[in-house]
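The chain that follows stands alone, in the form predicted alone, written as structure tokens.
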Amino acid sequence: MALAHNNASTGKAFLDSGQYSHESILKYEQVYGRTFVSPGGRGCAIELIEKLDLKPGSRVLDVGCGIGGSAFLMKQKFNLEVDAIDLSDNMLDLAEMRLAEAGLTGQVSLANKNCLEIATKDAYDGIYSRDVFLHIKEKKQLFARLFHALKPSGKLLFTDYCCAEGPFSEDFKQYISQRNYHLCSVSEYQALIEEAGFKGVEAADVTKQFIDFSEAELKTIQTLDIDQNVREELTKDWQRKIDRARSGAQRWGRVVGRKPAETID
């Protein structure tokens, strides 16, 4: 999961010392499954990559690749050429280890890069991202960059933590503030990527699927061979997540859009 602020070094330090510390990432991986740190793990990743509907050999940018699970799948199962980027040093260190363990060294590109600084033009057939954009305040700039980086007819697909239209409870405001999140509603995401020039936009509220994944992951936590204090900590985190989603405050969005076949700069 990449972070991208104008002050990227400050943001990186905030996550790498907290939510994405080395220890925390390993805990998340145990819950989500080997090489994954996003809801639904491998099964959800396969479903979303299939939705990208790209031909073998197509080039994909994985924005906020985490520890590499989706990028590795794209190469191994779908024969796609993948550039995977993240700003978290801790994520990328583990991704490099998992890349070697998977026998994919040299076959997937991993790089520490700020997605707000992507300068490539017409380079990718697809751009994929999982629960990353909540970290990014400058969303208009983000989608302009991603649009620019896609080839004509290229597709953008992402999931993200979202919010209801509001107003928010004090507890939810505090949660957003503590995590330094910048949340949008699903409809706001649709408007943002349409404004960036994407066509055929599908913006779906898939919170029910998020709850189903989270409840399954909560059961997984109870089976892990981990310290009881860690189990209790993870259980509380996951239950809070489920409660926020069930209350309607926290949503989960899946958004797909395509760059037109012909664009005017």
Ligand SMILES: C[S@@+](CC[C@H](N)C(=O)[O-])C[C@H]1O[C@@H](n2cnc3c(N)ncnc32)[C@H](O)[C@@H]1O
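This is a predicted model, so every value here is computed, not measured. Sequential numbering from 1, following the sequence displayed.
Keep in mind the form predicted in complex with this ligand is missing from the figure; the text below concerns it.
Heavy atoms within 4.5 Å of this ligand in the predicted complex: which stretch among 187-195, 149-157, 95-103, 127-135?
Only one stretch qualifies here: 127-135.
Tell me, yes or no, whether Tyr20 is in contact with this ligand in the predicted complex, where a contact means a heavy atom of each within 4.5 Å.
Within the cut-off, so yes.
So, in the predicted complex, is Phe36 in contact with this ligand at a 4.5 angstroms heavy atom limit?
Output for Phe36 is yes: heavy atoms within 4.5 Å of this ligand.
Is there any non-hydrogen atom of Lys139 lying within 4.5 Å of this ligand in the predicted complex?
No, Lys139 is distant from the partner.
State yes or no: in the predicted complex, is some non-hydrogen atom of Gly64 no more than 4.5 angstroms from a non-hydrogen atom of this ligand?
It does: once this ligand is placed as it appears in the predicted complex, Gly64 has a heavy atom within 4.5 Å of it.
Ok, Leu80, Cys115, Cys162, Ala84: which has a heavy atom sitting within 4.5 Å of this ligand in the predicted complex?
Here the answer is residue option Cys115.
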